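Just the one chain here, laid out as structure tokens, in the form predicted alone.
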Amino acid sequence: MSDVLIVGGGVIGMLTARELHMAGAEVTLLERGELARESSWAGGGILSPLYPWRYPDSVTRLASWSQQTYAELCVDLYENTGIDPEYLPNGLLIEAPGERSRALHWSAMHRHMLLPVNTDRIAEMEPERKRPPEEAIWMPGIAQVRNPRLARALAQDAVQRGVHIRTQTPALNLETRNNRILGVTTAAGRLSATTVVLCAGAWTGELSQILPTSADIRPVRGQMLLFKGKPDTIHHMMLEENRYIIPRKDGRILFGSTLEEVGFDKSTTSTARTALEQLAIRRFPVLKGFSVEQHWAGLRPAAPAGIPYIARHPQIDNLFINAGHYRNGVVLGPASARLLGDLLLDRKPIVDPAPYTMDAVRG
């Protein structure tokens, strides 16, 4: 029997496994499909919340801690596994009409570099952008990772560290008695551990329904496109009306994403593909000359106000939760894993844990 059983093998689950294993725990990782093939694989990999000033300070605190550690994490993973997560600090341009003052106030409060730029400066930075907006907000310190490569590196790192991994093994039920969790029921039988951590992303809410207090997490579908572009066609990440464009190192260009309340339906639609492609080409006509290489969808784990649950369960002593990161799982992942480890191992927490508890007010 392991010390810790983690339910969910996405970026959050794997980072949590890494954190606990490095602290000396024997860890088993349980995943319903393949590692990190859900929201972790489907996202864009921007290492910042989108429109960060719109989020509560509790999200900013986690993001800030992660941003300070990501470069070192990626170097460490590359050295250990030979898989490069492609950490790239190429900055983020955000069009947000009427939000300049709010963004500048947030920047001063949290000491994040943020600069207003005008049309001429935007055109200089991105020559292929058709009709640049009159103004935008430039965050030069924001980086990206290529999240599928980050996921592969974390998976290989887990294997090399000796984490016990069980894929294609959905958790069917949580067995509890006398305010303790006894184990997790699967088709292959019950798995037990001294402590269980729920990191099951969009499925966490559904799985936790049998508990005295459940997690308010729902799936929100996002569809995305990948253009087979050329390097240096687009230079920086850009965000406008919740649609972002992300140029990768090899020239591929990611454009997304939709926000759809369709339950656990992860299918793609021709309507969304057409709308995304047309919008991307309107903003960057050069994309018309590139083929759409991939079109996919993922299910984001949405919690109220975008504040994740990172806490011990209030009634089940040996059950913890680390889920509900919505669109920010990659950027919040390292801090969330560290905080969960702090709580489970009774260490001094990196941030005040109160906003992430099961009973915290989330707006």
Ligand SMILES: Cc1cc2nc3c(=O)[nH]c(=O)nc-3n(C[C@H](O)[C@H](O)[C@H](O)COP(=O)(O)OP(=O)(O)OC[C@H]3O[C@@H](n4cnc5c(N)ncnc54)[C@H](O)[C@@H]3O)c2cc1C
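What you see is a predicted model, and the numbers here were worked out from it, not measured in a lab. Numbers for residues come from their place in the sequence shown, where the first is 1.
Not pictured, yet referred to below: the form predicted together with the ligand.
Shown alone, this chain has one stretch from 153-161, 195-203, 103-111, 286-294 that lies within 4.5 Å of the ligand in the predicted complex by heavy atoms: 195-203. The partner is absent here; in the predicted complex, the one residue of Ile245, Cys74, Ala171, Ile122 having a heavy atom within 4.5 Å of the ligand is Ala171. Put simply, of Ala337, Leu299, Val27, Ile316 only one has a heavy atom within 4.5 Å of the ligand in the predicted complex, and it is Leu299.
Proximity of Tyr326 to the ligand in the predicted complex falls within the 4.5 Å heavy atom cutoff. The ligand is not shown here, and in the predicted complex it never comes within 4.5 Å of any heavy atom of Gly306. Interface membership of Gly43, defined by any non-hydrogen atom within 4.5 Å of the ligand in the predicted complex, is confirmed. Among heavy atoms of Ser66, none comes within 4.5 Å of the ligand in the predicted complex. Within 4.5 Å of the ligand in the predicted complex, a heavy atom is found for not a single one of Thr60, Gly91 and Met238. Heavy atoms closer than or equal to 4.5 Å to the ligand in the predicted complex belong, across 205-221, to one residue only: Leu207.
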